[in-house]
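Next comes just one chain, in structure tokens: the form predicted on its own.
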């Protein structure tokens, strides 16, 4: 059964598109300022630039909490991030929004299926929420714009038509490999990833995808998701997927107990469904983590691809953050 959008939810191909629509819905445009964390990927910056607005950065500490939201200029919107599916405390953001009359956007790209300690779904606690479903499920696209403000919901855009297209060779191949892997008990997906990264290193000099500084100024055009991706979302067993992620988090935590790393979060809060296991450590330590968790079928990746204006002065915890991705 295909998912029909709820009155306050719209689906897009990518979360960066949903972010653009969120900003436009909030009336953000040229001359406006949007407050965002320094610890963020370039996609969010591109979304802001697409509307003509200007990003203003705030710092976050080693626990990924905002250090200071005091501004000497008005801001039209403030973006709070639920890093890795862990709920951000929104109180300080709500206070800042009240001060400036700003719209609160909850960036929940990592928090599909996750809730806070009150069991409120992440992405539903701000005026607007953004969710990137494709970052948690093995599908090529799929993101949500969730409009929680009654006032803003009056102008929510129409649902863009879903694109009639299959999942694609890459995703179908991965699914086939995973099925075979379960029966043969061989790390086939790991071998495939290694081969892809070898070719990427030969071609670009880096085994991980990189983006140019111009990526921050990409003009983002919104589109609906594939109908095949939406079909996969509708078939998801939420209970099983949530339990799988919690089990993985506990297994990874035990596996890397003696590694020279520092986990960002001490405990897994109730109702939190983690995107992955995040930690600070050197490249050598991350390599050791990868060796230990490979038997679980997951990998450690460096995150994020920081905005160009942040890179030069980025503190240690921005530059040495890794996550064992549970995708």
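Positions refer to the first chain, counted from 1. None of the values given here were measured: they were computed from a predicted structure.
The following text describes the form predicted in complex with a small molecule, which does not appear among the structures shown.
The candidate spot formed by 248, 292 and 327 lies out of contact with the small molecule in the predicted complex, as no residue has a heavy atom within 4.5 Å of it. The candidate stretches are 158 to 166, 133 to 141, 235 to 243, 251 to 259, and the one lying within 4.5 Å of the small molecule in the predicted complex by heavy atoms is 133 to 141. Taking 278, 44, 298, 28 one by one, only a single residue has any non-hydrogen atom within 4.5 Å of the small molecule in the predicted complex, and it is 44. In summary, among the residues 109, 75, 128, 122, the only one with a non-hydrogen atom within 4.5 Å of the small molecule in the predicted complex is 109. The small molecule in the predicted complex is not approached by residue 23, whose heavy atoms all lie more than 4.5 angstroms from it. Of the heavy atoms in residue 16, some are within 4.5 Å of the small molecule in the predicted complex.
Not displayed here, the small molecule is approached by residue 40 to within 4.5 Å at the level of heavy atoms in the predicted complex. The closest heavy atom approach of residue 146 to the small molecule in the predicted complex falls outside 4.5 Å.
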